[in-house]
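Quick heads-up: it's one chain on its own, the form predicted alone, in structure tokens.
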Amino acid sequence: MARISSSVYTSHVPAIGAAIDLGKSHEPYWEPLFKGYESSKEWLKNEKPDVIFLVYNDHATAFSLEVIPTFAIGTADSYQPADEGWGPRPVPVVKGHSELASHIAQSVIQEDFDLTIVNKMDVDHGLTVPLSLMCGQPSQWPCPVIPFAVNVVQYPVPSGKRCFELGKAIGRAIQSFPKDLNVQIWGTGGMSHQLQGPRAGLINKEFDNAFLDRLVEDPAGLASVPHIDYVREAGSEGIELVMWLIARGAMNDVVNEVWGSDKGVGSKVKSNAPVVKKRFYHVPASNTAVGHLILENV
């Protein structure tokens, strides 16, 4: 059966992609950020997955403001890098895994989560920047990728609790896929930032690091944080962090939580908490805080 071996969390700042594409990653401003991902690149080479399930948000490229699905899963065989106004990024075409994506869609929809099935779309920096940070500039990405787009652009957006519960359903779906696949689930976006208005440029280090703490130690409690707290503490675009809860909800200690009749009525038996393999935080990158975590299932 398929399994989720680990989850990866990272910001997807568009300026990071530009710095890579324009050869600026060794400039003094950018070098500390990219050094923070060097060990992560080595980790990914050693722990190469068969498939990456990548949670991100589209920035009005695949979906215009005319039609915005709350949750959309890519079921195509490939995805072209999107032209976001200055030409597509010079990165490889993203190869999909239509068989696993279709299985996840079937399973999750049967658990009463409404997904939009997308058979053709381009993918923007929300998806390609995380791949670049973790993979560098290869001639092709190391494995197939399933894009999973979440609307955190146009209100109303899904709650953290909804995202966390969806992550559990995705985790169950992957575990039920009848082929031996090593799957990683990535949550991207955030951290604190605001792009407009009087608070443009807001960065809240205390909130960001508390979020990282709770994502590891108390994901269920973190899932109950209301939208207004994200907006107040992390800026209007800080709401992207709810996408990290999808990836965290798919980890074994959450998905495999079961009622244990031999442990007493009402008690629970859990898988062990995931192991933190990497934690990194850096400001600023453009006008955004950058957070990064790698968690491994045990």
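As the structure is a computational prediction, the values presented were derived from the model and not from experiment. One rule holds for the numbers: they count along the sequence shown, beginning at 1.
One more form of this protein, predicted together with 3,4-dihydroxybenzoic acid (DHB), exists but is not displayed; see below.
Determine which one of 220-228, 192-200, 90-98, 162-170 lies within 4.5 Å of 3,4-dihydroxybenzoic acid (DHB) in the predicted bound form, judging by heavy atom distances; exactly one does. Selected stretch: 192-200.
Could you tell me if S286 has a non-hydrogen atom within 4.5 Å of 3,4-dihydroxybenzoic acid (DHB) in the predicted bound form? Because a heavy atom of S286 falls inside 4.5 Å of 3,4-dihydroxybenzoic acid (DHB) in the predicted bound form, the answer is yes.
Quick check on H59: any heavy atom within 4.5 Å of 3,4-dihydroxybenzoic acid (DHB) in the predicted bound form? Yes, H59 sits close enough to 3,4-dihydroxybenzoic acid (DHB) in the predicted bound form that at least one of its heavy atoms falls within 4.5 Å.
Would H103 count as a contact of 3,4-dihydroxybenzoic acid (DHB) in the predicted bound form, using a 4.5 angstroms cut-off between non-hydrogen atoms? Judged by the heavy-atom cut-off of 4.5 Å, H103 is well away from 3,4-dihydroxybenzoic acid (DHB) in the predicted bound form.
May I ask you to list the residues of 1-34 that have any heavy atom within 4.5 angstroms of 3,4-dihydroxybenzoic acid (DHB) in the predicted bound form, in sequence order? H12, V13, P14, in sequence order.
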